[in-house]
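Only one chain is included here, represented as structure tokens and corresponding to the form predicted alone.
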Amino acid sequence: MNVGKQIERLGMMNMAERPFRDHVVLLLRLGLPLLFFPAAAPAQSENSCLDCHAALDPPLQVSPESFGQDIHAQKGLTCTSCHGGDPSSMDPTVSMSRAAGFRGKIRRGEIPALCARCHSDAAYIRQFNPSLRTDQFSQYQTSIHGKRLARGDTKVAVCADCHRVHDIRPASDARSTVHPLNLAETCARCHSNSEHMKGYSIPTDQFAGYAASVHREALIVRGDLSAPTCATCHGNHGAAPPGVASVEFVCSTCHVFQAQLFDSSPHKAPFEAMGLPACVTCHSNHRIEHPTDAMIGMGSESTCVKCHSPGDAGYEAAENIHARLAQLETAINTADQVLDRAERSGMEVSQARLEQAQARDALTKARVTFHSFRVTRVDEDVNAGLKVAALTFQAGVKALAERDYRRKGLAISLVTILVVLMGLRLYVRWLESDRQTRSPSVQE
């Protein structure tokens, strides 16, 4: 059996728990060859941990290259900071001895407390990064993960599951497992694994929904690192599922105006009375798609028909709001078409284009104001947009009229020039004919 396998089988055990026979076997197999074959003995190493573990198979393998990228290694910490032992000795009876403080493999349930020995010590952490928070462990203890771990559930996430083990990178590093671009996949390693999640009574399609969401598109496609990911809504170290009553507050951290409108709307009281979550009822939670005006209408994509039926006030209000939004959108599109024709004709319509942006802003505002669920408030924004769209439409019509006037003037000018040219040509021909007629008499 090679040295790596011996370390895997015996070296990672706690020295106090290792039977005397194993000590003897370890000495015979690892120590005696060094005595009898000193020429073949390896040279003294500064980190015998890496020397041995680099030759092991995963998951015990730790390469110097990957460990060199670890934020702890870059700050001067070594294997012994977590595992104890003496890395300056190649003799496992020394490097992995109880006298050297060797702990061996850290059990899952012990990992959060082990990390907290440093990360909860403000004076210690300040030496490396004064801005790094030191309440991660206390937050973790309040999380759903920490609470279940305290009850003995070792399947829940611990520090190493999210941050990795020997190649931990800062969250600002795009290669980090907790970087915003990678965090959802990190959470999905557990939460999308139906086998791992057995017994927890929660769905495993969260990542599939989030991957199709407008939030994921903003993050991955548009590169907006401020776009929501798992930790934005659930927290990171203090991760917990938002309760029905708190979903609105989670969404309102970004969508402030919509939340204020909803709080003053006629839906607020009924939603609370029926125990319905404010935002999630209409927009879902993980699979949040682009909102469309069809969600307000009465068609198959409408969310209003989930609660309202033809004839009630809510149904009629939704119909009116949908019609008004459609009216403004049509007016904007019509104005755009006229301006496009004028611009393609070479007319100057940049001012009208600039004003047209105000009409689009009014449409966007009206779609937000919809969260008040009051037709009169939506009408205010729609009317403002219609006024601008009418002005830009007239500007486009005027530009087209100017184009037509210029074209007519150009046509008249061209005809006039053509007539003059033809007249000049006829006159020249007449002069030539007259000269030829006079020539014989001159010769005589």
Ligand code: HEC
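Note that the coordinates shown come from a computational prediction; the quantities given were computed from them, not determined experimentally. The first residue of the sequence shown is number 1, and the count goes up from there.
Here the subject shifts to the form predicted together with the named molecule, a form of this protein not shown in this document.
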ask   = Quick one: of A352, A184, I332, M347, which gets a non-hydrogen atom within 4.5 angstroms of the named molecule in the model of the complex?
value = A184
remark   = As a check of understanding, the residue in A212, I220, I125, M298 with any heavy atom within 4.5 Å of the named molecule in the model of the complex should be identified as I125
request  = Tell me, yes or no, whether Q358 is in contact with the named molecule in the model of the complex, where a contact means a heavy atom of each within 4.5 Å.
outcome  = no
Contact label in the model of the complex: C279 to the named molecule, heavy atom within 4.5 Å = yes
query = With the cut-off set at 4.5 Å between non-hydrogen atoms, does F393 touch the named molecule in the model of the complex?
reply = no
key: 4.5 Å heavy atom contact, A240 and the named molecule in the model of the complex   = yes
message = For the stretch 83-106, I need every residue with any heavy atom inside 4.5 Å of the named molecule in the model of the complex, listed N to C.
response = H83, G84, G85, D86, P87, S89, M90, P92, S95, M96, F102, G104, K105, I106
